[in-house]
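Take a look at this single chain in structure tokens; it is the form predicted on its own.
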Amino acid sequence: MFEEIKKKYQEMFGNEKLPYLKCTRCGHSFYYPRDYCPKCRSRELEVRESRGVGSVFSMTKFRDRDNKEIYYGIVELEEGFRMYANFIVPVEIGDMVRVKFLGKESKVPFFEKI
């Protein structure tokens, strides 16, 4: 089942859609792909599509070896799950953001301010 979930995630990323998992037993929503619910351990899961809209829960800024600023943090999505995220521009905690996919061959979710 895990391979099936990973495949579905890759397909959705390729179509610029943000996937998440919903436990059909307890209703818990989560992002990181796995084959069981981290809350109730059920394997009754559905891969769903997020609207990709949420708010910044935490944010940090650092510099890479080329001295370029990089913004990274956690976004709390409207569907009730949190995910680690890259930000395109500087953001503040509480800012509303939406997902945008970057990359040509391998699509990667980033977030931008709304």
Partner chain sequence: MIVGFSSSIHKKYEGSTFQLLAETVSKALDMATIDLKDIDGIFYTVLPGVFDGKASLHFSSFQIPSFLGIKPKVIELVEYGGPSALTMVYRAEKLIEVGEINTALCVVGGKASFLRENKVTVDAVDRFLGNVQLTPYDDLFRVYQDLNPVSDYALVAKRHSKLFGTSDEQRALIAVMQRKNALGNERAMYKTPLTVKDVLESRVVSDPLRLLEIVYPVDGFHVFVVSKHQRKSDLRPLKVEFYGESHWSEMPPELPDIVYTPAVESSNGVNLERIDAFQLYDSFTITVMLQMEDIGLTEKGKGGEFVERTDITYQGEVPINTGGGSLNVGQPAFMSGGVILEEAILQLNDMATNHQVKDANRVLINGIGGWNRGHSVTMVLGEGNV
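It should be emphasised that the depicted structure is a prediction, and the values quoted were computed from it without experimental measurement. Positions refer to the first chain, counted from 1.
In what follows, reference is made to the form predicted in complex with its partner chain, a form of this protein that is not presented.
- [ ] Please run the contact check for Val47 against its partner chain in the predicted complex: heavy atoms, 4.5 angstroms, yes or no?
- [x] Contact with its partner chain, no.
TODO: Verify the contact flag for Val108: yes if a non-hydrogen atom of it lies within 4.5 Å of a non-hydrogen atom of its partner chain in the predicted complex, no if not.
DONE: Result yes; Val108 sits at the interface with its partner chain in the predicted complex.
- [ ] Answer for Cys37 alone: is it within 4.5 Å of its partner chain in the predicted complex, judged on heavy atom distances?
- [x] Close contact is absent here: in the predicted complex, Cys37 is far from its partner chain, nothing within 4.5 Å, heavy atoms only.
Open item on the list: How about Lys113 - does it come within 4.5 Å of its partner chain in the predicted complex, if we only consider non-hydrogen atoms?
Closed with: Heavy-atom contact with its partner chain at 4.5 Å: absent for Lys113.
Task: Members of 27-60 lying within 4.5 angstroms of its partner chain, judged by heavy atom, in the predicted complex - done: Contacts from 27-60: Phe30, Tyr31, Tyr32, Pro33, Arg34, Phe57, Ser58, Met59, Thr60.
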